[in-house]
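Heads up, the chain below is alone and in the form predicted on its own; it's given as structure tokens.
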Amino acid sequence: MLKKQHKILIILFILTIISCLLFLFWGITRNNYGYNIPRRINKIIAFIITGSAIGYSTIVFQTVTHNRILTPSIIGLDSIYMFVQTLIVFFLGTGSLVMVSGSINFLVSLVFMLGFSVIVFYIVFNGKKDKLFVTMLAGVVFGSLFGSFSTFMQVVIDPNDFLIVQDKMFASFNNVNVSILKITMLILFLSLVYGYKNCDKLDIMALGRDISLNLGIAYDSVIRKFMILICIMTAVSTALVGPITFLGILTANISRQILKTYKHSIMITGAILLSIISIAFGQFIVERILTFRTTINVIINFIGGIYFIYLLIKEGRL
């Protein structure tokens, strides 16, 4: 069985390489390779960062919540991101340094999202049983609150400024900020190293709280650490390219179905590879076939939304 799973991972890895090479070299000629290749390489790096962050965080989030139809977006980080972007335009304008400079905008967004996460976890989640669900509920409530604030400010601001804010509502790989790729790669690398080292704890935690405690896992403490790790990865991904709502639920559940294993090191690797493949092929379709008539967010959310409805129907029958 393990050999079969390894074969599937090898196939997914090959498909990942093919999808990235297809995106990189399609339409390249002697006249344009000097201009296009460096920019496409930066996009591929962004594919890998985003896909890795979303794939890992979704699998782990579903494990700690024991629910396969939830994603980290339920915590409300997407709403916080949009609130920050709208707040900057509302008070400082589109010409402000915070809005013009991608690096400063990234850092401000990251600090706000992580700060919100820490406040919610350490005020609401006090280590008692079932407080994780109270934390998620708090995330939903605060997310709706900040979403309402964002909508109010978007209605009030100048229509031209609203167009700038509107661009932030959808994930985009068209103008990847090269200056922040190194810091995002470093954050992601350190997060993944820590995450993969603790995959064995996730294997046990998937059995439930009581069994985990009996097997010597400090359940509540470990959940806190994993939730902070999830928020770091989700915040990095969202601040880098914008929110992609349904990608995680799509790739995480497909990874569980095709790999059929309890080992999180294998499931997470599969979800990461599937996420990168989905982003690379999706962006290829957007740029080469649809010629930018839509965004990758629309394609992924359309497919992911259909799959989400399928999961709801399937879970309802169990």
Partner chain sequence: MIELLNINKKYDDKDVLKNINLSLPKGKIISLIGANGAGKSTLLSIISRLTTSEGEIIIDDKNIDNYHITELSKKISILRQSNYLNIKLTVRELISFGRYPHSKSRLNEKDNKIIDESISYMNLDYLKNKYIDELSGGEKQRALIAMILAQDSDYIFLDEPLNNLDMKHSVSIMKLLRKIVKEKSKTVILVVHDINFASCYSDYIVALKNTGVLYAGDAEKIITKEKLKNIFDMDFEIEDIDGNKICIYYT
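Numbering follows the first chain given and starts at 1. Given the structure is predicted, the values throughout are model-derived calculations rather than measurements.
Just so it is clear, the following notes concern the form predicted in complex with its partner chain, a form of the same protein that is not shown.
Enquirer: Want to guess which of 236-244, 136-144, 71-79, 195-203 is within 4.5 Å of its partner chain in the predicted bound form, heavy atoms only?
Expert: Single hit among the candidates: 195-203.
Enquirer: Does the 4.5 Å heavy atom contact test between residue 187 and its partner chain in the predicted bound form come out positive?
Expert: Although its partner chain is absent here, residue 187 would stay clear of it in the predicted bound form, with no heavy atoms inside 4.5 Å.
Enquirer: I'd like to check something about residue 39: if you look in the predicted bound form, is any of its heavy atoms closer than or equal to 4.5 Å to a heavy atom of its partner chain?
Expert: Looking in the predicted bound form, residue contacts with its partner chain do not include residue 39, since no heavy atom lies within 4.5 Å.
Enquirer: Please determine whether residue 253 contacts its partner chain in the predicted bound form, using a 4.5 Å cut-off between heavy atoms.
Expert: Outside the cut-off, so no.
Enquirer: Decide whether residue 217 counts as a contact residue for its partner chain in the predicted bound form under a heavy atom distance cut-off of 4.5 Å.
Expert: Residue 217: yes, in contact with its partner chain in the predicted bound form.
Enquirer: Since exactly one of 92, 211, 104, 181 fits, which has a heavy atom within 4.5 Å of its partner chain in the predicted bound form?
Expert: Contact check passes for 211.
Enquirer: Using a 4.5 Å cut-off on heavy atoms, what residues in 247-263 are near its partner chain in the predicted bound form?
Expert: If the 4.5 Å heavy-atom criterion is applied to its partner chain in the predicted bound form, 247-263 yields 260, 261, 262.
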